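For reference, the chain that follows is the form predicted alone, supplied as structure tokens.
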């Protein structure tokens, strides 16, 4: 650490004068040095962050192996009713440190994660009369960088409002980018755009790109707690700037010192698969805060959900109401017979008979409909070795929900319900709250107001031993490390669009973008496993645009600790072999590796079961057929494995023959070479079952 402190007292005047002179000379020399650039490298030296304050205005740049990733990019803030906090600054101290630990996930895609970085902390003070202070902390990893701002406690910066965050990301060329646009009415639920950087506008993160030299970058954020979510605005050329989702009055963030911002993250990789196995975002979050995590268990679930999307039944009451006692018992029996852990019941509670989507505050979170016996079904599930999964759709009426949610969680806790799916259906700016004068103030789904709300909900859920599955919520930023009951989220376009979406649902390549964009943020409740792909009886104009084998492979490719077997029980009874894989595939992993990948085209992922020596493989492709020869290097030396293969037939095709499906078995060992053949829009799933030493 480089800093300057005068200490001590001495009655000897000459000695004190000499000491004072020496300290003054040292201070002047070091101040000159400290106005020069400062660098920090990643542990292997592959990445370098350079910090400078030319003319007192802070900026940073990033290199990989000496080649620029980000050109000099400005830092700072615009504040309401006060001078900007962007400079000119003087540098008052620098701290550096190295950190290296391996920590264990409560659950996840990899059991043990190494957190190894070099850190540079820059402390700045304004040169003007306010003398406000600002610190910037850089952490540099071998898989990317993270940086955040820190506002120390100080006299001239107490409560304040941020009108704009000036953080820039000045990229070096017109990279190929994959993105969805921000500020849209349907939040994050859009198909991925693939364009040059120069064609992007304001986009959500993770924002992933490929440089002309074949390097892969993804910009996102970590540890979002009491701040607005960051989107990225292309300002000109190849320059991006942080664009924070505003409050109704244009303020971006309401805060007070001392405080910190979320981390701004840039993951950097030589190939797209290394983005998937980067744990930088998790590493930038605080460790687990829950003392008892014994009740937090990854699981698979079935439920009363898909039948409503097919229009077979309804959420609301009437002759086709789905969430009846009789129908719920049928799902519980199916779950108990086949080893599923939870049964989701949507439409169980009072409120669905109203015009809930438009009217808002109509739901009760403790009172069931007349044809659903909540207490009896919760007990019947427990007696069957299953649990109900609760459902809290609130139609984005947050005040109404917050007034009841604790009673709802308490009731679920008493009934032995351990997981709740929450829903915030509503257009992009339909969250509202009422101020002291009775005015409704409409907010975005992912501004600071809702970030605060979701943090309140996850902490309250932990009190009542409730795991959360959040739909229409705020994007993931790694908080599952700190609050491991925050299991999975939607926040993307999922399976339900295949039931009723325009253009017959999601195109075959939709799930080929997700591992490199949305899924870099964290687990995704995509709800895979549809086996009745064409819906002829219910929605003949829509379908799943995959082969049957590809739907199985999604259980490995798309990570979630709560995975749904989304189809109807009667459909699974017709397809016992796909059902067998869905029952076998785990949701908690010891390790994850990516064998091959090309964004939007194909990906092959293998994961090792945390409770056995078994490995599982998922490989999927877009509309093009693929054939890969893979090396089974990941298998354990000395073990023999039975490869239980679920694959496309030679004539399978997502459009003309989606049910072209077959199984096979093969004995394999470490180092063998194995051929994967994927039909157009198809996939392959394999269980490598360890059988001997």
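Residue numbers count along the first chain shown, from 1. Given the structure is predicted, the values throughout are model-derived calculations rather than measurements.
Below, we turn to the form predicted in complex with ligand NOJ, even though it does not appear here.
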Can you check 601-609, 325-333, 91-99, 346-354 and let me know which stretch has heavy atoms within 4.5 Å of ligand NOJ in the model of the complex? 346-354
Assert contact residue (ligand NOJ, in the model of the complex, non-hydrogen atom within 4.5 Å, options 472, 221, 165, 622) equals 472
Partner-contacting position among 425, 376, 130, 191 - heavy atom within 4.5 Å of ligand NOJ in the model of the complex: 425
Check whether residue 480 has any heavy atom within 4.5 Å of a heavy atom of ligand NOJ in the model of the complex, and answer yes or no. no
4.5 Å heavy atom contact, residue 443 to ligand NOJ in the model of the complex: no
If we define contact as a non-hydrogen atom of the residue within 4.5 angstroms of the partner, is residue 315 a contact of ligand NOJ in the model of the complex? yes
Check residue 421 for me: does it contact ligand NOJ in the model of the complex (non-hydrogen atoms, 4.5 angstroms)? yes
Contacts with ligand NOJ in the model of the complex, stretch 287-317 (heavy atom within 4.5 Å): 305, 309, 315
